[in-house]
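Form predicted alone, single chain, as structure tokens, below.
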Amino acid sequence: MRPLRSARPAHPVPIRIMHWIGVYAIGCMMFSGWEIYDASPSLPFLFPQWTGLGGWLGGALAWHLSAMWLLFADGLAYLAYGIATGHFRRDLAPPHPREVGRDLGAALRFALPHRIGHYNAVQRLLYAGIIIVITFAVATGLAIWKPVQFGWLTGLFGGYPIARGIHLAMMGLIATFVVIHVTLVAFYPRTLVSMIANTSADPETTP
């Protein structure tokens, strides 16, 4: 593989700003969501009280809804930016199954190289998946927040109890993604630096 020179940033400023806004909003929604869940648990467990945000049900709802609109606005801005700049087409194009199998196999052997500013097939698959999961989380959240006003949406998910179960499952998937993401960042701390400071992308390579 022969490296080529690269002068483009690993992550443009708008991407970095929207990333951290999303981190803040998702964090607020998860911790306040646990407080809301504990007020009326649907499964035989509770989240530890110290992990909740809001202090009580009303406070948790206020945090949850405020963060939801922040995440909604951030998501719309990211969607508009991704389409207008070609970010989706250039960086997050759906990978071919063969690419996923190749990169996943290399990752399991701890042999998958990581280049700052480039997305391998497993990353593209995970990022596309988490965008879909967050979309479902917001949609089911609206369905259980206003089951009368958004009755059509609640019905689309099969009713209030099922919509709430899907919402909880989406939260679990988001939490799993966060754990995987943070673990990978721990292995490659340069990725954290590139998401904070202006860092050049690693060079392209050619066969």
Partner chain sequence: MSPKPPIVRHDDLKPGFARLRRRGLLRGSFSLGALTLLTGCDLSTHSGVDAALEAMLRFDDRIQEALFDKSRLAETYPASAITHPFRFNAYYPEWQVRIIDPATWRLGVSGLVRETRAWSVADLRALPQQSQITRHICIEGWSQIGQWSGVPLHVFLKRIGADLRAKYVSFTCFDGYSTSIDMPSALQSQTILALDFESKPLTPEWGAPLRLRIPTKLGYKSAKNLQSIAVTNKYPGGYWENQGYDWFAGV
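It should be emphasised that the depicted structure is a prediction, and the values quoted were computed from it without experimental measurement. Positions refer to the first chain, counted from 1.
Heads up, the form predicted in complex with the partner chain isn't pictured, but that's what we're talking about next.
Handout entry: Proximity to the partner chain in the predicted complex (heavy atom, within 4.5 Å), stretch among 179-187, 21-29, 195-203, 8-16
Key = Selected stretch: 21-29.
Practice task
Indicate whether residue 53 is a 4.5 Å heavy atom neighbour of the partner chain in the predicted complex.
Solution key: Within the cut-off, so yes.
Problem - in the predicted complex, residue 43 touching the partner chain (heavy atom, 4.5 Å) - result: Residue-level check for residue 43: no, no contact with the partner chain.
Problem - residue 172, heavy atom within 4.5 angstroms of the partner chain in the predicted complex - result: Residue 172: no, not in contact with the partner chain in the predicted complex.
Practice task
May I ask you to state whether residue 47 is within 4.5 Å of the partner chain in the predicted complex, using heavy atom distances?
Solution key: Because no heavy atom of residue 47 falls inside 4.5 Å of the partner chain in the predicted complex, the answer is no.
Handout entry: Site test, 68, 150 and 160 vs the partner chain in the predicted complex, non-hydrogen atom cutoff 4.5 Å
Key = Answer is yes for this spot.
Exercise for the section: Sequence order please: the residues of 56-72 with a heavy atom within 4.5 Å of the partner chain in the predicted complex. Expected result: Counting only heavy atoms within 4.5 Å of the partner chain in the predicted complex, the contacting residues of 56-72 are 56, 57, 58, 59, 61, 62, 63, 65, 66, 68, 69.
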